[in-house]
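Just one chain is shown here, as structure tokens, and it is the form predicted on its own.
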Amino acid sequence: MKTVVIHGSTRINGNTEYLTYQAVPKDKGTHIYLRDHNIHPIVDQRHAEEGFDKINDDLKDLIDIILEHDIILFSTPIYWYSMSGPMKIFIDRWSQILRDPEYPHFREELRKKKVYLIAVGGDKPSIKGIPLVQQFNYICQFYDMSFEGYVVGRASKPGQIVHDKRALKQASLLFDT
């Protein structure tokens, strides 16, 4: 099974990446760092007669990569009880891909995917991260993807995730469940 990791953190080598590498090491799977890609925010034109305007950015290249994989692991820090801005922009644009004639089978292809989530936050993330987990669960329900599991780690400052032994262990076993 081929795994793609969508990294939503804007920080290089941050706590979320460290925890994610316990599940999918850097040299395993395909790692996409959204911070390295140009993805424009969505302009909602779902109800416009002419549909969505074409946008020249990296979204379709990333969608093509995702569609080649069986497993999607979303990796995001918890920002204000939700996903990071780059992750939100990326997922918002899926509404546009749904209506793109170049991707007539987008929803059908997503149904075949297994999805996992790794998130890290500093303020009681095992409790306050629940809305984020629910959000990803709802996204998966919308696309009829299988939400297989998640790990929420606790860290506030750079490097602190190494002290969350529970999360590190859970991440290392994420695909064994």
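On a predicted model such as this, the values are computed, not experimentally measured, just so you know. Residue numbers here begin at 1 and follow the sequence given.
Absent from the display: the form predicted together with another copy of the chain. The rest refers to it.
For a residue to qualify, one of its non-hydrogen atoms must sit within 4.5 Å of another copy of the chain in the predicted complex; all three of 95, 137 and 150 qualify. Contact check for residue 56: no non-hydrogen atom falls within 4.5 Å of another copy of the chain in the predicted complex.
Under a 4.5 angstroms non-hydrogen atom cutoff, another copy of the chain in the predicted complex lacks residue 37 among its neighbouring residues. Among residues of the shown chain, residue 67 is not one whose heavy atoms approach another copy of the chain to within 4.5 Å in the predicted complex. Residue 156 belongs to the set of residues with a heavy atom inside 4.5 Å of another copy of the chain in the predicted complex. Contacts between stretch 71-99 and another copy of the chain, counted in the predicted complex as any heavy atom lying within 4.5 Å, involve 79, 80, 81, 82, 83, 84, 85, 88, 89, 91, 92, 95, 98, listed in sequence order.
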